[in-house]
Ligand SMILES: O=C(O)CCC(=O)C(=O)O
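Next comes just one chain, in structure tokens: the form predicted on its own.
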Amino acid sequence: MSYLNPELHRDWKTNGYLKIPRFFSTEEVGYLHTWVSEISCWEPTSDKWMHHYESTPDGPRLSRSENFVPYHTGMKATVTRGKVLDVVSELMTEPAVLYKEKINYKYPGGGGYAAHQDAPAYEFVDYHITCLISVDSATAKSGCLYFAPGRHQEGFIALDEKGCVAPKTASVMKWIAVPTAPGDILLFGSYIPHKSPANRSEQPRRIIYLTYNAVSQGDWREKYYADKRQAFSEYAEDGSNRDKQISKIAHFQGETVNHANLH
């Protein structure tokens, strides 16, 4: 089954991202709500799933959860087979495999993300496609994604020392807000510049991000998380302050909180 008509393929090639409304049914969105809530209640671990926390006006809240697929049956089934994998594979023009997964919660007051491309943060393979699944509504006020259409064709753009698009360059780019409703998906490649503001609404903006690579490039998921744990262990020891990040690039604009300080 094909999920993409010629017009959608043209939009993808032209813009570097593609929104498909109502990709998930109301019933499926209900499951996603439940699963995200379940994962958010898991206690932090040092060797399984990963939680990241941030400071908000309501106190410390979850900012991100990742590496949860091996530990949640429903999520694993949804993201490793079926229609998400099918539509990404269609854009890849070959079978895809999961590279990494995360939930960004962005509770009220939660921090935004500076303009960046994903490619500098996602090592080991040359190209990725991410499928964003909107669990809650994402609006300009609650911190939806903004894209710079067409700029995915330029390779790395003005990378600064943080691994982001240099602010001076980002300030003159044309940005388009792409709001999403529960059940919508938003697909984007690893070179399209994007950003999102802080959540200035009263509601959470929970979004699942699933990143895939072509199966011909190999299965790097376990290597990715092992490398991230190793890197953050080193950041905590080297005095660089990079352990305050939630990724290997410093695009997160909120204030992180160590889970050991939550109790």
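In case it trips you up, residue 1 is the first one in the sequence shown, and so on. These numbers come from a predicted model, not from an experiment.
Heads up, the form predicted together with the named molecule isn't pictured, but that's what we're talking about next.
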Residue (of S196, N213, N67, T56) lying close to the named molecule in the predicted complex, criterion heavy atoms within 4.5 Å:
S196
Which of 86 to 94, 170 to 178, 102 to 110, 151 to 159 lies within 4.5 Å of the named molecule in the predicted complex, heavy atoms considered? The stretch 102 to 110
State yes only if every one of L145, R205 and H251 has a non-hydrogen atom within 4.5 Å of the named molecule in the predicted complex; otherwise state no.
yes
My question is simply whether D136 lines the interface with the named molecule in the predicted complex - judged by any non-hydrogen atom within 4.5 Å.
no
Is the gap between W220 and the named molecule in the predicted complex 4.5 Å or less for some heavy atom pair?
no
Hey, in the predicted complex, does H116 get a heavy atom within 4.5 angstroms of the named molecule?
yes
Against the named molecule in the predicted complex, would Y209 count as a contact residue? Criterion: heavy atoms within 4.5 Å.
yes
